[in-house]
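Let's start with one chain on its own, the form predicted on its own, as structure tokens.
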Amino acid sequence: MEFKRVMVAGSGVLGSQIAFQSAFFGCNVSVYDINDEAIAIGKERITKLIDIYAEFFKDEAKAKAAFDRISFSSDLAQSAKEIDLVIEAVPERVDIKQDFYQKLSAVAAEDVVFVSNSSTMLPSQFAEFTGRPEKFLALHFANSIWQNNTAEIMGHPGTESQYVERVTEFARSIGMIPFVLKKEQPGYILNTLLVPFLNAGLTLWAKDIADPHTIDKNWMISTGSPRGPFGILDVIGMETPYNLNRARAELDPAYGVIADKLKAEMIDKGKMGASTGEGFYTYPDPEYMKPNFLKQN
């Protein structure tokens, strides 16, 4: 049985992309967020994706039709009506996710499958709160999913194999390349590699070893990479790295230093990344993409 009626919970940067990607490939999508203000911001994000998808796929009509297949609501019960699959993309905090799954399980039909797009947390952390642990697993997307079209699929010990297979087929059906992990791993494949790299850059910044542009420039010249850690952080946005470092600060105060600096110098000043026009760089024409960036010392 195909998943054709999808609810995306959370209309942030990645939630918006997941919703549009699903709609672009033919799904009817219900976007849920916590209040009307969040919905309005999410709708604005999704509206901007029309032109991006039209240009990338060279199909303006299909991009416009995708938007018409998306509905928006801050009413959880309404959003969860007549759906096959829920993709959770709420903030990276255990308490928020646990509370969401408890409320969702009370209003979603028993046969609805739940998946989490959590970047670093494990399905087993939330399975008992879903009311359907056998139908619960992780489905993780990379940012700019129309281009970076990987889908990492990870069950927990109680996930039934049929749902891993169905979610894998769903990922293929919306244009993704699925990677099924054999067992649970915090960060899957992508973030197991990426997060330590980004935190290494943030640590250099937090300790005032070097400024973000110098760190990026060094990495880009040394490796030939198109972006350094701070260019990548701008794409991700500041909320997720802040939440991850704040959570880790309970075990290691060094992460708290990073979280505090992100909050004071970026979040509190509205520098949330590329999506807001300013992060460590200004957009849409960031310094690291200019021809002379790597030639300056």
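Note that the structure is a prediction, hence the values are computed from the model and not measured. One-based numbering along the sequence shown.
Omitted from view is the form predicted in complex with a small molecule, to which the following refers.
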property: Partner contact for N117 in the predicted bound form: the small molecule, 4.5 angstroms, heavy atom; result: yes
property: 4.5 Å heavy atom contact, L14 and the small molecule in the predicted bound form; result: yes
property: Interface membership of K217, the small molecule in the predicted bound form, 4.5 Å heavy atom rule; result: no
property: Contact flag, I34 vs the small molecule in the predicted bound form, heavy atom cut 4.5 Å; result: yes
property: A38, A89 and F141 all contacting the small molecule in the predicted bound form, non-hydrogen atom within 4.5 Å; result: yes
property: Partner-contacting position among I177, A109, I96, A77 - heavy atom within 4.5 Å of the small molecule in the predicted bound form; result: I96
property: Heavy atom contact within 4.5 Å of the small molecule in the predicted bound form, the stretch among 141 to 149, 161 to 169, 220 to 228, 199 to 207; result: 141 to 149
